[in-house]
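Same protein, same chain, two forms; see structure 1 and structure 2 below, as structure tokens.
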Structure 1
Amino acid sequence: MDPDEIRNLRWPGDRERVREIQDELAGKRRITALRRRPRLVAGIDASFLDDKIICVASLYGLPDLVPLEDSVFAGRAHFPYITGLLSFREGPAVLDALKGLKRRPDLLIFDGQGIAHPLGLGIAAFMGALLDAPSVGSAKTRLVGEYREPGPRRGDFADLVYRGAVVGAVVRTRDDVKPLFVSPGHRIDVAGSVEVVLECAPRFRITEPVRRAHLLSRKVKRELMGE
């Protein structure tokens, strides 16, 4: 499917097409070992202000983890807030933010879920399959699954299990700090997702690319509010 198709979807008129797209993307999604080490990683985060969405893609270079460029999109969200369909609300803004980058990322990290999702299609899995790009979800809260608390040290992790399958990992990125819920989105597996997140989170609980995107999206939001 053409990624730009999701820009024109409206609810409830396109209800059937929305369901078809979910099925298509779930069928395209692949959880496999990462083929090559990424050199360009983009962290993606979005915030909302009424019916406006601010989405930021922050590109970093590996292995030095240096910020290279940011792309900001701010515009109207045309798809309503509906539980289970949030990717259709955020997706068009993600496309625009990524389009603003001068270089194409080798991997995308989202502040959200990958396959650790009731449909196996959180924002990281949805956008990864839509763009056929390696993608990882790194969420601060659990959406689905059961787990045992990982050890207290950075790098400790435990399997996140949902309906009898391992869908991610609960990863300690800092000593004695709440873990992240990491799950693969597309063209990467659980082990690779954990490795990427730990490499990109040397100082803080969340990864540097997502943290930068988060801070910038909030800054733009405050500016739009006139603060």
Structure 2
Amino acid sequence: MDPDEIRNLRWPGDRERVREIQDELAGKRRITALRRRPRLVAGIDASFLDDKIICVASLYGLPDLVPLEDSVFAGRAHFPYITGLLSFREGPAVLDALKGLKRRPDLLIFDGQGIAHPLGLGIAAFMGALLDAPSVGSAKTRLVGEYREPGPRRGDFADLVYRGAVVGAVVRTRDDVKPLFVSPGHRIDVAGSVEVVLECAPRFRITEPVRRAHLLSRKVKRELMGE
């Protein structure tokens, strides 16, 4: 399907088409070992001001984890926030933010779930399948799945199990700090996802690419407010 079609979906008018698209993308999504070590990773996050949405994609270079470039998109969100349908609210802005990057990322990291979702299609899996790009979901809280509290040290993790399958991991990125809910999005597996998240979060709880995108989107939002 054409990625741009998600731009015109409305709720509840297009609920049927929304479900069709989810089913189609769920069929394309693939959980496999990462082919090559990612050199360019993009962290994506968004802020809101009523129905205005500010989405940012921050590109980092690995293994040095150095910031390379940022892409900012400010527009309007035409879809409401509904648990399980986050992709339709933020997806359109994500497409625009990614288009603004000069270089093509070989891995996308989202602030949300990968396959740890009711339909196995959290925003990371959805965008990954839509763009056929490797992606990882790194959420701050749980959507679905059961788990045992991971150990207290950075690097400790526990399986995130949903309907009898390991869909991700609850990962401690910092000693004695709340863990992250990591799950693969597309063209990567659970082990690879945990590995990448730990590599991209050597200092803070969340990944540096996503953190930078978050801080910048909030900064742009504040500037947009004062005018």
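Note that the coordinates shown come from a computational prediction; the quantities given were computed from them, not determined experimentally. In this text, rigid core is short for the largest set of C-alphas that superpose within 1.5 Å between two forms. Just so we're on the same page, residue numbers count up from 1 along structure 1's sequence.
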### Either 1 or 2, the form predicted in complex with the DNA
2
### Message
Please determine whether the C-alpha atom of residue 151 is displaced by 2 Å or more between structure 1 and structure 2 following superposition on the rigid core.
### Response
no
### Message
Quick check on residue 205: with the core superposed, does its CA move 2 angstroms or more between structure 1 and structure 2?
### Response
no
### Task
State yes or no: after fitting on the rigid core, is the Cα displacement of residue 100 between structure 1 and structure 2 at least 2 Å?
no
### Task
After lining up the core, report the Cα displacement of residue 13 between structure 1 and structure 2 in Å, one decimal place.
3.4
